[in-house]
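Just one chain follows, in the form predicted alone, and it is written as structure tokens.
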């Protein structure tokens, strides 16, 4: 089995400037490219769904809450987006099933993530496509904190010994100071000056955080745009190759 872990960024499938608004055109584009793909684990970001609720309740990866109302507001928002994704995938015959991190994992007080990797792997073995998402997650001594989709794909890639890892973003790769795509990144220090943050409400960090997390994995990782999903799944290396 050649396993692929793919994250669809929240800015790809939603309109990040408009609360809880799906970008239907991009969603159709990327889901269509997934047809016929075997041994796949999908993760999607929050975009205009979870981030706005997290910001409103003061919850981030570092700041937790014990406010049940706030936790549910963030989680239910993500479930609404996850349900829309499941509908789009199901309409194309892709056998996706939801895995909600709030109910499936936790962090210890040091922030180490514990997630039922074997559960996700068994779903893949049985021919399903697990569909996970950024979420709130219970953390010891902190209440509930944000689990980003970027952290989740790294944990999945490592725990499932994935053969490749992809992050689909709104840009065609990691861009240099002049707007060109950087072909390969082996060290964060070499590109830190040209990596910026997010231009919308985002409680999980921008491109620099994504690159840093991907550099920590052993699996070859790529960052690419929506037009290159099919090429990535075909084994090509579109966009920017990270580490590996």
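Positions refer to the first chain, counted from 1. Since we're looking at a predicted model, the values are computed, not measured.
This next part talks about the form predicted in complex with a further copy of the same chain, which is not shown.
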Subject >> Touches a further copy of the same chain in the predicted complex: residue 105 (any heavy atom, 4.5 Å) >> reply: yes
Original post:
With the partner left out of view, is residue 126 within 4.5 angstroms of a further copy of the same chain in the predicted complex by any non-hydrogen atom?
Top reply: yes
Subject >> Interface membership of residue 60, a further copy of the same chain in the predicted complex, 4.5 Å heavy atom rule >> reply: no
Original post:
Heavy atom to heavy atom, is residue 170 within 4.5 Å of a further copy of the same chain in the predicted complex?
Top reply: no
**OP:** Using heavy atoms only and a 4.5 Å cut-off, determine which of 164, 160, 113, 86 is in contact with a further copy of the same chain in the predicted complex.
**Re:** 86
Original post:
Does any residue in 62-88 get within 4.5 Å of a further copy of the same chain in the predicted complex, counting heavy atoms only, and if so which ones?
Top reply: 65, 66, 68, 71, 72, 75, 76, 83, 86, 87
